[in-house]
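Quick heads-up: it's one chain on its own, the form predicted on its own, in structure tokens.
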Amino acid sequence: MCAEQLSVYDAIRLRRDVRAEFTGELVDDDTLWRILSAAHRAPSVGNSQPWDFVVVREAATLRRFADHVAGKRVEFRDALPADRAATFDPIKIEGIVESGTGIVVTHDDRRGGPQVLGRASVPETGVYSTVLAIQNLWLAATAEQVGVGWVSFYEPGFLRDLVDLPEGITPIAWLCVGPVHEFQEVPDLERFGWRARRALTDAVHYEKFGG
């Protein structure tokens, strides 16, 4: 099924947090630009568009970040109870080098000026807007048969220095982006027994929480 035939519901159903399925080929520039364009069309509070995208392809930078993440993985694993550590051991948490492309999504809380329409009482809506851009990127990539993996095992200060972010710019995500052999039918964390998906009936409430 090509991107033009894929419904938004198909993309949501097929979307996976990709780790081990990258082919090792680079996503081509035209496809990458379409994916970034989709991200840039996300809704944002007050039309502030607080995101930026840093595309990283230098092999040395990818390896340096991968090494940092590997260290953080060990720290997390060592802090787990023995039974959870055994469950976690076979789970691959990143495809930084294999994907060949990293996209660092950043957030600028100053974007849009001091009076961002709609953010006065809920300032977090700025970050929510940036996360919506990530979701747009992810669904567009899925429609293009391009995998995305969100890496969160890192120190923000390390990533900020790695890609030379200016003061006031916050890294929100490192996304591994690249062509894949396939999308897994079942998400990794379910396949490896880390945690199952909640039923929709457990998540929907009427009128009041718990109703």
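Just count from 1 along the sequence shown to find any residue number. Just so we're clear, the structure is a prediction, and the values are computed from it rather than from any experiment.
Keep in mind that the form predicted together with another copy of the chain is not shown, yet the notes after this line are about it.
- Within 4.5 Å of any heavy atom of another copy of the chain in the predicted bound form lies no heavy atom of Ala66.
- Among heavy atoms of Ala42, some come within 4.5 Å of another copy of the chain in the predicted bound form.
- The closest non-hydrogen atom of Asp164 lies within 4.5 Å of another copy of the chain in the predicted bound form.
- Although the partner is absent from this view, Glu182 stays clear of another copy of the chain in the predicted bound form, with no non-hydrogen atom inside 4.5 angstroms.
- Along 99-116, a non-hydrogen atom within 4.5 Å of another copy of the chain in the predicted bound form is carried by Thr106, Arg111, Gly112, Gln115, Val116, in order along the sequence.
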